[in-house]
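Coming up is one lone chain in structure tokens, specifically the form predicted on its own.
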Amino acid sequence: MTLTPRDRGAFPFGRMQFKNKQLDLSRAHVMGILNVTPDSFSDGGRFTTVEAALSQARRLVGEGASIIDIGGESTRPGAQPVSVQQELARVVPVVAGIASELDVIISIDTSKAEVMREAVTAGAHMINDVLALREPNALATAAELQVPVCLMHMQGEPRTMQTRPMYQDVVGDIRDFLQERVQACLAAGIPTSRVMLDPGFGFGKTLQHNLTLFKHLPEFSQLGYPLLVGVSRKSMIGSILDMPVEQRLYGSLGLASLAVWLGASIIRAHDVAATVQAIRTVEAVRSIQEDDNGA
């Protein structure tokens, strides 16, 4: 059964602690994307210097981003892996620069334990892992660092994930995977208060899989953890609208609004200002309290 926002109740989460910062999850927030990579699908090569990355971070915060998500290794379909040292060289100076200048929560988008540790030491407040802490030492490192983690589902790995992805039951399979990873976190000493979930739109999923997941988003919120949704400019929007990546803003805003309506707490986006405005309008509708007569 697919639940409506009224069935599940709007904004059920309280405050989440991010080291010395808090995020009030009684409302939805935007996570601004900052890829310091040469090959990301949308903005690769634009922010590869520290100064360019800091300038972009300032802009994202000014537009209303509550979190900046810094990634030093592309996870687009077909992406090639980078070494630990390459990734560290890309992200650590940017994390340190943002931490010293801007009052914003910093997320490190990585699957490598070494990068998690160095980024958090430099000032990052959370870990956003597309592999849900399955790489060597990632789980133990995240537990030791005592910062929130976002566990994402991905079938396969970036180089092959879009090669004929298949599921028995896409919603049930991904829900079961995320529940298993939550249990692994709990066993490693990561409390439920530091866990977020991400169904992983576009990561080892066909268009039909992605649309089905979107329709059933409330079932993931019902797991009891804040839900992060990232669909900004992705190929699913291009497939629906037959638009190139630079023309996918309106489709991204439509799905961001729908995601918040269906229970997402955090929207990961390239276009922060427009996304902030879109989700505020959704929140205005969701926050209205109706009496029994609907007045």
Ligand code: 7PJ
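Just count from 1 along the sequence shown to find any residue number. All values derive from a computational prediction rather than experimental measurement.
Not pictured, yet referred to below: the form predicted in complex with the ligand.
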- Note on the structure: None of 95, 116, 174, 150 but one has a heavy atom within 4.5 Å of the ligand in the model of the complex; the exception is 150
- Note on the structure: Only hit among 170, 82, 178, 130 for heavy atom within 4.5 Å of the ligand in the model of the complex is 130
- Query: Only one of 229-237, 22-30, 255-263, 50-58 gets a heavy atom within 4.5 Å of the ligand in the model of the complex; which is it?
  - Reply: 229-237
- Message: With a cut-off of 4.5 Å between heavy atoms, is residue 87 one of the residues that contacts the ligand in the model of the complex?
- Response: no
- Interface membership of residue 75, the ligand in the model of the complex, 4.5 Å heavy atom rule: yes
- Considering only 202-225, what residues come within 4.5 Å of the ligand in the model of the complex, judged by heavy atoms? 203
